[in-house]
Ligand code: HEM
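One chain follows as structure tokens, the form predicted on its own.
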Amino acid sequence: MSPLYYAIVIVALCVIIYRSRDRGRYPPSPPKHWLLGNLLDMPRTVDWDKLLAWRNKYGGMTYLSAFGRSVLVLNTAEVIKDLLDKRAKNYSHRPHTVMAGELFGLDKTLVFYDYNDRYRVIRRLTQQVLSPEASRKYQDLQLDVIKLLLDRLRVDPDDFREQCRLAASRMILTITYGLDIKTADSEYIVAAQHTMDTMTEAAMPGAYVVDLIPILKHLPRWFPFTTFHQIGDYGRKLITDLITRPYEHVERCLAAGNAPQSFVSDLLSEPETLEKHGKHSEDLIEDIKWTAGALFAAGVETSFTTMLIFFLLMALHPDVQAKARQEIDSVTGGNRVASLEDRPNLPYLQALLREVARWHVVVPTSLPRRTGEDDIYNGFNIPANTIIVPNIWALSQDVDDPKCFNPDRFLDSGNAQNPYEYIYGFGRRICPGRHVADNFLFLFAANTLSFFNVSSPDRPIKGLKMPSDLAFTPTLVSCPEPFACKIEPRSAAHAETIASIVME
């Protein structure tokens, strides 16, 4: 045997020994395929059973790796707090996604920015106009949306799904751009829905092989199995059109001096903001434009989904509905619109909304993060550029009898973790629009229960599931599949009150 042969054997043995020792320093992992690693375990859709099984089997962390890419699933509140809150500087980046980020162009949005100076600037500006105090100034706009929703439910309750989407869209469009949308087939709403469906699929980690093997993006368009190029072009055009048209509408209104109050107009009209960052700063304009678009797209889908889950649960739990309604009536008399000022006097309703948020979390795996540098946690190596997936679903199930819908668990704060501490994200990437969304959902729930009874249909309806079927889409934003629901005014007097308040 030649010396070269022995040298190769020694080097190979050293690599094998090193890799076998190194493997033990990573967090617990499902068994790896000899060639594919954990490629087949990578999350492409939401698998609720797998998310729970990983938490139960591997504890606080589950580590996946394939083709040099690594994913770390955080399964417990303790680990999430230690990494995403206490070590936020390293764990607040976003993954470098080829499909959603590069090809769709979402890397221009606040949601997909890395944690850097540009992110911190636009984040501060966003929090400035969406703080808890600032968010209350949108109450009148939100109440107008709620009144129209009540009237549409009175007239056409069978179409409640589209009416919920219209209400969520009107709320976000009005607050973000000052637009007044009154029809369900508005071009903005239709475009937003189609764009969000496309974005949701692209944003799932591992949904496209080009995200797992980024070098594939350099393949020419004529090469087989490169349809991701065409999908990326299509997605980029959808997103660019979605954010550009309403933004230009605000600019025209500002130039004419008749711009309604909105997120965009507040930022563009704020003298301190414009003076500090330059009135004609291209970066600032791009940041505001894309951030508004992200708030619009994400806000509509999550609010709409929560509204549907609320109706679903009220149909299934008439006892809970009656208890909440009794509390609301004791405050409003059952003959006026509930407002944010009523919230402190409605503790059971607030507990009910927390349980709605917990029972089926709208974004079960949150939005993924990325580590900026190598790290060590509890003796385990976490490599740089590891994709971090918070296992929100596991957190939501960490209560007594998790499948039971029980608002009482939140009347005693020691019984369960408040879901508002995890459904809106963590640390320095917590959702800036959470206060606006929370206010809207409170006003929606208080007023629909005040004026309507919600129940299951007497018999199945073709093409729709019964509420008891409990079917949800396994997507980034997990929504109930179309279901039937019976929504009726509580009485003729309540119907008359709805008709009168919408005319105010």
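The model shown is predicted, which means the values in this text are computed figures rather than measured ones. Throughout, we count residues from 1 along the sequence that is shown.
In what follows, reference is made to the form predicted together with the named molecule, a form of this protein that is not presented.
- The partner is absent here, but in the predicted complex a heavy atom of 298, alone among 210, 173, 298, 353, sits within 4.5 Å of the named molecule.
- Shown without its partner, this chain lists 242, 363, 143, 196 as candidates; in the predicted complex, only 363 has a non-hydrogen atom within 4.5 angstroms of the named molecule.
- You can rule out all but one of 115-123, 212-220, 324-332, 402-410: in the predicted complex, only 115-123 has residues with a heavy atom within 4.5 Å of the named molecule.
- A residue is said to contact a partner when one of its heavy atoms sits within 4.5 Å of a partner heavy atom; residue 424 meets this definition for the named molecule in the predicted complex.
- Interface membership of residue 94, defined by any non-hydrogen atom within 4.5 Å of the named molecule in the predicted complex, is confirmed.
- Of the heavy atoms in residue 288, none are within 4.5 Å of the named molecule in the predicted complex.
- Of the heavy atoms in residue 254, none are within 4.5 Å of the named molecule in the predicted complex.
- Contacts to the named molecule in the predicted complex (heavy atom within 4.5 Å) from stretch 237-252: none.
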